[in-house]
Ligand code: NAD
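Shown below, as structure tokens, is a lone chain in the form predicted alone; questions about how it binds or moves come after it.
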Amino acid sequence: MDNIKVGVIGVGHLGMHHARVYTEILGAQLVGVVDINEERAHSVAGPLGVIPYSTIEAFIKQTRPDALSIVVPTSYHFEVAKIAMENGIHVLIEKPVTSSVDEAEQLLNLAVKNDLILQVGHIERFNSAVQHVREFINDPYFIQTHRMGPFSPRISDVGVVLDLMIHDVDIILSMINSELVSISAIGRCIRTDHEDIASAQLTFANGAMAQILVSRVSEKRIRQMEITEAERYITVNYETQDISVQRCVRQSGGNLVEVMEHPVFPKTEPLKMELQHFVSCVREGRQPMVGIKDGKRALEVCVAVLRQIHEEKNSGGSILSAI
């Protein structure tokens, strides 16, 4: 079977890794990269042995790709994805899927109309630890996440909610099988004009709750999720891809003994797993694990979080408000 011809639109910090990984995937052929910064495009394309382009139109005309990774700033996601999909090209679009829910809905309709794969780049779904913990969790009633780190000027077009929190929102929505009924949120600008630190609490119809804390102005880097179930407490380290499971076992004498387990499982590069999945979905014509509906739902929740943060900032009211 012929290779799937792929390209990358936007080869900045993350896009360059998309391009690299595609050259490592069996069954995929990287046919070019695109960046408005021609010097950047050449610096990435040269070592990978492909041709650089400065416009998506020229790239499509010359290479006729089957699929694309779109790794441009969020404000350009809709425009670039629309061009690609109107040309019959399957798309993996980085998170957040678009700047607005309406744009996400338009892309969903375009994907359905043209029978195209539209995967959203929620990379943490392909984290080996996240995939393994999903195999044995039963009915979590509380999930808490921390995603924090030092300030970097690299992300300037969105705040911490759409940059970081959306990862955990997507994972939580995929793990709690119940309707989301309320959201509470606070946030603050520290180093930029967008929120740089934010906290949100989600409540579900089945009684489950989730607490999400994100910051890009913290000196300590943390990427962790804690899941509480009826008889165990599970900790997931996103970065090291380690899991610990804590349980209390009652002995015959009535004493409680704390038991700590550390599951062993294969660890892989999440981006490579994500792109392999995308290529296989394009080849087999099947829907991706993280499709446009997932991306749209996560965006809807984050938009609601941002609305609360902005309303709270403008009203000068209480610390926490609910919708």
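Counting begins at 1, following the sequence as shown. Here the structure is a predicted model, which means the values were calculated and not measured.
Form predicted in complex with ligand NAD: not shown, discussed below.
Asks: Indicate whether ligand NAD has at least one heavy atom within 4.5 Å of a heavy atom of V34 in the model of the complex.
Replies: V34 belongs to the contact set for ligand NAD.
Asks: Report whether the minimum heavy atom distance between Y233 and ligand NAD in the model of the complex is within 4.5 Å.
Replies: Because no heavy atom of Y233 falls inside 4.5 Å of ligand NAD in the model of the complex, the answer is no.
Asks: Taking heavy atoms only, is P73 within 4.5 angstroms of ligand NAD in the model of the complex?
Replies: Taking the distances in the model of the complex, the answer for P73 is yes, it comes within 4.5 Å of ligand NAD.
Asks: So, V11 and ligand NAD: in the model of the complex, are they within 4.5 Å at any heavy atom pair?
Replies: Yes, contact at 4.5 Å.
Asks: Going by heavy atoms within 4.5 Å, which of 224 to 232, 74 to 82, 249 to 257, 133 to 141 lines up against ligand NAD in the model of the complex?
Replies: Heavy atoms within 4.5 Å of ligand NAD in the model of the complex occur in 74 to 82.
Asks: Just one of R40, R283, K296, H277 has a heavy atom within 4.5 Å of ligand NAD in the model of the complex. Which one?
Replies: Going through each option in turn, the one that passes is R40.
Asks: Can you list, in sequence order, the residues from 204 to 227 that come within 4.5 Å of ligand NAD in the model of the complex, counting heavy atoms only?
Replies: Stretch hits: zero.
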